[in-house]
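Here you get one chain, nothing else, as structure tokens; it is the form predicted on its own.
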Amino acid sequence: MKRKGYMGKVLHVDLTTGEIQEETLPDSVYEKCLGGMGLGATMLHDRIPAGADPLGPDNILGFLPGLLTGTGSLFTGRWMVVGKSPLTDGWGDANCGGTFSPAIKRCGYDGIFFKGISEKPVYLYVDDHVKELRDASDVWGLDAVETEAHLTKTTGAKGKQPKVACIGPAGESISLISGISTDKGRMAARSGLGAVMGSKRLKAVVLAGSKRIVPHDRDEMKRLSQSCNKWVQFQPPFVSGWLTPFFGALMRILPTVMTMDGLLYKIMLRKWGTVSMNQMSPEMGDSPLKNWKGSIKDWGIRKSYTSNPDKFTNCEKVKYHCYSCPLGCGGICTTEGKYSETHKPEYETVLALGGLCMNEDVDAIFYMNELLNRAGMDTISAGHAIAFAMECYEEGVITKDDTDGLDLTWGNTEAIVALLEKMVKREGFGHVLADGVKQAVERIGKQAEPYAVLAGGQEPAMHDSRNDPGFALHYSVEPTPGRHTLGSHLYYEMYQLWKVVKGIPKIPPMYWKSSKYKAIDRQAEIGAINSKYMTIINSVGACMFGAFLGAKRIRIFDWINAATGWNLTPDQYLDKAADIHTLKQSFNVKHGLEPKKIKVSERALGRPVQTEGANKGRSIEIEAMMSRYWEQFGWDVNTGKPSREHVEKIAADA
């Protein structure tokens, strides 16, 4: 048995022919690409032909655990789904927690890849002895929670409960903003990969293996995890939720910034989860409001109080822990609405369905969150689509004749809920929005384009790039654009990588806010290091929130060495990450994308600048920053394209 943390095999499923084959991978592949995101990029870069239809048989959809999943390390229970995105027409990936990641490895695989299209709805079932496609006609049409419950009941054996990843009605109807669900509401939501799964008529993946995952040095893994857990368990008393917006207001007013230690955010996460930022972020200018044109003048403390973090924890029945997570930032809540039990909404969901649309009704947010989880639709993109439609309505681009009679004035909760229900069902005006903002512009017409906020075809997250220009950079330059989980100036502060990597920029304890907005090489280097580190995080199956504890507390590089026996330095791992990142960029170029055209919309860059609020007068020199970022990876500074020789060298070394 391998004592290196990985399983050494992947599974290939051809949905057209029904053929299922194993592929054994040499150690050299893992030494080059680690696993997870890196393995996915390596496998798909050459195997998906140029110009492949994302919804056609040539696209490959991959489910991948992390290199560190199941090895005894902490915060390493996340999994990736990868493929060509129908939303951006380029590299697509989505990340999810829960308990599904170790289930892939316990079936003996470091990845499961699907190509082709099935004639009828099917699901894949795998255990220690069986690998087969089964008829899914009886669950086609069920929502994601119903599907998971049915398949768990009908495929489970005594003492063994299978793990299920599935799509809901949004994926079945090929919504380009649909995702993949597991654990009754954990979503791999971004890139529209639920639509890819639906196009293949693959309803679910059901896994019930029991193979062992064996690290190289179990004792060292345990020592490192115990050391990390001491920091996680450090939880001093903290303020009540009503005080959080005042912290945000103070951060807005001060001309200087204190470098954020991720230990503080950990304390907030453990107390409230990501909803800890519901009121703080709008006050400090971190939350885009009113379709990115608003500010705290529109969404002040009195309005944001409806989403006070205490309101979410007060109805929390039990904390939710993903696999190998000692923190438990999630929660299962009880409500008095249609759904009596639901996952606690995340910050992104609360703001996308709240402040972005000026909706103050927290009960409606609970309902819409569960509705979207069951449908398998991305809450970020769905909230953007509604906010976009509301501004179009305000500007007279659409009227009640277009909206099925819905009065889409800002903050009209009844209309927001009704429109979201229509989107899930693809009914009436809901069909116009069901594939996201980019497709909605094409259906409404060019007159709607000024109100669309996008990055490469994907709706950006609920972190305002005018407040942290690092978000503007990563929204614009990442192979998967518009993503908040890949880098920002704040993230770099919390990672504190300069404590384990020599020669990289160190953030001083306090600095002027204005310094973040300068398009200089130092800022580009910070952005590139963020991208590399998150590539490692996504390749080993780690959680970004765990990484926020800081590189000296969550010892990712040491965990990898203990799991594999490689004994490499942090710099060497960052070099591997740069190669993986280059493969993803090369994937986009191969499929005809122009990197310089992916940048986030002008409004999100402060063009024109806001005249009031936390981000008053701010704009981002994004073009100069993009060129400097590309230079960090050795790509063409004018086009963002890696050279053919560069990519061929990476492939040859793999």
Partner chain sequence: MAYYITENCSGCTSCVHICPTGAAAGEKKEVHRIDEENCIECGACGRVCPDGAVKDASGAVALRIKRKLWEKPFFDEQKCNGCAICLDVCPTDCITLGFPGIKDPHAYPEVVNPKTCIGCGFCAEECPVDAIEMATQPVVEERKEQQKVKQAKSVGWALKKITFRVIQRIMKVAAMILPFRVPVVLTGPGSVKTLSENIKARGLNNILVVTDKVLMELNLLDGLFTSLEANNIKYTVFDDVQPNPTIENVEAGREIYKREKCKAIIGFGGGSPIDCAKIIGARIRNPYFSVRWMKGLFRVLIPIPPFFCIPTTAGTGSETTIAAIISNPETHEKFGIMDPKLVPKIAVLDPELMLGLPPHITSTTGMDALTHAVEAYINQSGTPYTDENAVMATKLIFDNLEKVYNDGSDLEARNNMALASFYAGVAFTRAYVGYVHAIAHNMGGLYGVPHGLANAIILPYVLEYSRKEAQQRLARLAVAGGIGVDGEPEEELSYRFIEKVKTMNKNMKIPTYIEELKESDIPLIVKRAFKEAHPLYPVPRIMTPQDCADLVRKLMADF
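These numbers were taken from a predicted model, which means no experiment stands behind them. Numbering follows the first chain given and starts at 1.
In what follows, reference is made to the form predicted in complex with its partner chain, a form of this protein that is not presented.
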query: Selected contact from K319, R201, K516, K303, since only one has a non-hydrogen atom within 4.5 angstroms of its partner chain in the model of the complex; finding: K319
query: The single option of N314, Q447, T569, T399 touching its partner chain in the model of the complex, heavy atom within 4.5 Å; finding: N314
query: Heavy atom contact within 4.5 Å of its partner chain in the model of the complex, the stretch among 547-555, 475-483, 321-329, 251-259; finding: 321-329
query: Its partner chain contact at D575 in the model of the complex, heavy atom, 4.5 Å; finding: no
query: Non-hydrogen atom contact T147 with its partner chain in the model of the complex at 4.5 angstroms; finding: no
query: Partner proximity in the model of the complex: P469 to its partner chain, non-hydrogen atom cutoff 4.5 Å; finding: no
query: Distance check, K120 to its partner chain in the model of the complex, heavy atom within 4.5 Å; finding: no
query: Full three-residue contact with its partner chain in the model of the complex, heavy atom 4.5 Å, for Q161, S225 and Q233; finding: yes
query: Heavy atom within 4.5 Å of its partner chain in the model of the complex - qualifying residues of 73-97; finding: S73, L74
